[in-house]
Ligand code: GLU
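As a starting point, one isolated chain is supplied in structure tokens, in the form predicted on its own.
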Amino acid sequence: MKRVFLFLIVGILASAAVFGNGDGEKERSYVTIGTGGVTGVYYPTGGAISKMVNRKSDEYNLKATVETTGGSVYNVNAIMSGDLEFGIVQSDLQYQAYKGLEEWEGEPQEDLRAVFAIHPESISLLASDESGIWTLADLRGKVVNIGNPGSGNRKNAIDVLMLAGIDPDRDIQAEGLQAVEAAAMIQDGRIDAYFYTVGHPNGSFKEATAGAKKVHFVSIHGPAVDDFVASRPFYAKSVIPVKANYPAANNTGDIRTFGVKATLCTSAKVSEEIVYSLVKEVFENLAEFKELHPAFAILSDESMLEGLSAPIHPGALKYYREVGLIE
């Protein structure tokens, strides 16, 4: 009789854990969104998403927090290990991770899932006037920050250097700083130039162009770039609106380059309900979301489904089908 009573108590407790509290409410879920450095667009993007979700935390039984991270590579790996539920990832890194290329050579991340795309990001190169760096070829022998290990920024910088026939291990003195450190370093003369793949306007470049030392953006274009971009579906040509955003930069016009898109990714293991709730909140309040950062101004429902090379998570698909974005 005691044993039967004990089994009944255990069963009641287990049911409470699964179905929520005694009032019939479901247990609240907690998710973390991996972003990037605090000066980039990833961090405020994650903050904007979490703010919108948390505003209806009681309705969704969902609470979102934001974590600053080393960037795209870190975010993919943390999503796959279960340390993050969501992460912002460059479109090229999303493609490579799912296909098992580059950083994930021979180890395709088959559980990686796309949620939506966000803003375009240009591969941007800023140099001091006194460095004499006016073309990519001028980078030889100079001190150049190519980005911290684990960032998509670093991978893009290496792509550009190799396109220009520059070996990052031998032809330059490569630094591995986060972008938050690079602006002060170029103004102090401790580096000659730095790469940063980011949406514009950007805080790091605003800081770097506002100092006493004169600086300028270097264009990244030409036949080799055209061929490179054409052969990779995750890259696209872009323009940095220099005068509109960085009037103190020593450039006479906008700068041609190429870039990627920022995308929100998750894991196949994250529940359909959680992903659906997050997507629904962002898309149904897109006008408000676009006002949260200048880089979001050109977003549309349709553009947010472009540049996704991993399978779309079922929770996101459910919403897109409901509103007719995907048949």
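Heads up: residue numbers just count along the shown sequence, starting at 1. As the structure is a prediction and not an experimental result, all values here were calculated from the model.
Absent from the display: the form predicted in complex with the ligand. The rest refers to it.
In the predicted complex, at least one heavy atom of V198 sits within 4.5 Å of the ligand. Put simply, V41 is close to the ligand in the predicted complex: some heavy atom of it is within 4.5 Å. Using a 4.5 angstroms limit between non-hydrogen atoms, G34 is distant from the ligand in the predicted complex. Among residues of the shown chain, S124 is not one whose heavy atoms approach the ligand to within 4.5 Å in the predicted complex. The stretch in contact with the ligand in the predicted complex, judged by heavy atoms within 4.5 Å, is 151 to 159, chosen from 204 to 212, 133 to 141, 151 to 159, 78 to 86.
Annotation for 66 to 81: interface residues with the ligand in the predicted complex are G70, G71, S72 [heavy atom within 4.5 Å].
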